[in-house]
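Next up: a single chain in structure tokens, the form predicted on its own.
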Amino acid sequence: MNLNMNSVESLVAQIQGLSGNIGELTQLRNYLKQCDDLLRTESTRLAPLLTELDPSVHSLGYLYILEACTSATVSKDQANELVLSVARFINVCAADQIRLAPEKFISICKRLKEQVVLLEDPMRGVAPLLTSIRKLQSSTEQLTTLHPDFLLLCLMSKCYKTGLSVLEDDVFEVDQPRDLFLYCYYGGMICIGQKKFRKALELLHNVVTAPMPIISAIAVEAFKKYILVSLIHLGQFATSFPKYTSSAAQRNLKNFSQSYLDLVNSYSTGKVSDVENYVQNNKDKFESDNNLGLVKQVVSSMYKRNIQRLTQTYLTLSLQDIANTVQLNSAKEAEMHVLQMIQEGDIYATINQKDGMVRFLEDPEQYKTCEMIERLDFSIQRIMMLSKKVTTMNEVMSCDPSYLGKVGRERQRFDYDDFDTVPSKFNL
């Protein structure tokens, strides 16, 4: 079957006539599915059809034709036009229509992402992919397969703040496990770029502890960054895994990250010179992992940790003594560190510029201001919401046939007659 004038007119007429209510759209989707092979076969001749359709009104039909048009290999010269066409469609298409064919919509969005990367202009894809995510989502709690692509473009173009706008959403629905791994890994890197280390730790922790039957390269790289961010943000790293971590991760992650665990040991000595020497000796390893910049931040964080330890021992201390104790080059450098830590809320202190003395203070927060009460109330409301959400998810899971089937099979493994063999000292 070839795409002749009659079939072209019929296709356009069907799209224009069945783009009304949901019932007609369902009928149109079934029709387009039947034409899918034909559309792909004739993909090079379909572009003129798009001029006869309004992408905001005939979004479903337009999507099928556009997806077929973009499925063919394009040259670098054609890539620019493809990016423009897909971006325009994403901006104006009707969300309720494209959700009837999510695989087609995802296909053209991923095609756009591939082309902007090839054009070495990832920023062009950031805004369209953010729009596509919002149109594809049934709610902000859904993690789509486009989330990792969007975050990757944000990383490549250094649009970290735009990426953060998506990372602020709570995620409870995941389409594919791999999407969650990449979402958390790329999200962690974006948070590192913005020095939001607490959020970065949370996301990287999710990668490391997520269920995995076998170890993945994503988990290994996330574990390395997890170690470094832990040292920067917490000043320490716990080498033991939480109980809910998969056995595959517990068995293998440390084997692929020994250089980083050795860095933890050097860091725990509290001696900047030891850490600097270790980093210098293993510079090539960290550089090949693209983690050298983060490792340098680990070294810098040691000065902050050592200054914080001084607040637990002294009430007042000269800037020169601080410089000597934490191995800084001068009192001026010590002053800059102390001022930055005061500004960031890491310590509470005042500096007497006249005699160069630092006075360490107690935390002035009394937790009774209106602002603090609002923050506490917001936290309480959020915890209540999360608790309700977890309860609902447990109820849904307890009724899931596949879950109940698995639990039933597990129970069959236990023979209750085995209780007769319990040693007598345990018998009641």
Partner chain sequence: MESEDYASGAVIGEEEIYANGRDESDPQRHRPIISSEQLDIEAYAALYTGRTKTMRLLFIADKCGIPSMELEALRMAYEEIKKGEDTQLFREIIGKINGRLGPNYALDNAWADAVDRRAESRKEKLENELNAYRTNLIKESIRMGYNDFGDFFYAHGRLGEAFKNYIRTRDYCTTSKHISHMCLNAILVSIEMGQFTHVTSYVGKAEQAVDGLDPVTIAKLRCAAGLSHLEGKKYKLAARKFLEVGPELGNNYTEIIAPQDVATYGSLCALASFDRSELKSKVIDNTNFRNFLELVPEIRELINDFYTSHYASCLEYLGNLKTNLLLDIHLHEHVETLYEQIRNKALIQYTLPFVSVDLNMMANAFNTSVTGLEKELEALITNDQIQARIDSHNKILYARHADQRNGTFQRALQTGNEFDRELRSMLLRANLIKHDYNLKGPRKY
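Numbering follows the first chain given and starts at 1. Computed from a prediction, not measured in an experiment: that's the story for all the values here.
There is another form of this protein, the form predicted in complex with the partner chain, and it is not shown here; the text below is about that form.
Contact with the partner chain in the predicted complex, judged as any non-hydrogen atom within 4.5 angstroms, is confined among 277-285, 353-361, 129-137, 109-117 to 353-361. In the predicted complex, C159 stays away from the partner chain, with no heavy atom inside 4.5 Å.
Taking non-hydrogen atoms only, P102 never approaches the partner chain to within 4.5 angstroms in the predicted complex. For the chain shown alone, D37 is not a contact residue for the partner chain in the predicted complex, no non-hydrogen atom being within 4.5 angstroms. Shown alone here, P211 lies within 4.5 Å of the partner chain in the predicted complex, counting heavy atoms only. Proximity of E173, Q176 and K406 to the partner chain in the predicted complex is complete: all three residues have a non-hydrogen atom within 4.5 angstroms. Though the partner chain is absent from this view, in the predicted complex it lies within 4.5 Å of a heavy atom of just one residue from S75, S273, N329, T313, which is T313. Think of it this way: in the predicted complex, the partner chain has a heavy atom of just one of R88, K195, K254, K199 within 4.5 Å, and the residue is K199.
In the predicted complex, the partner chain lies within 4.5 angstroms of at least one heavy atom of each of the following residues of 364-392: E365, Q366, Y367, K368, M372, R375, L376, S379, R382, I383, L386, S387, K389, V390, in sequence order.
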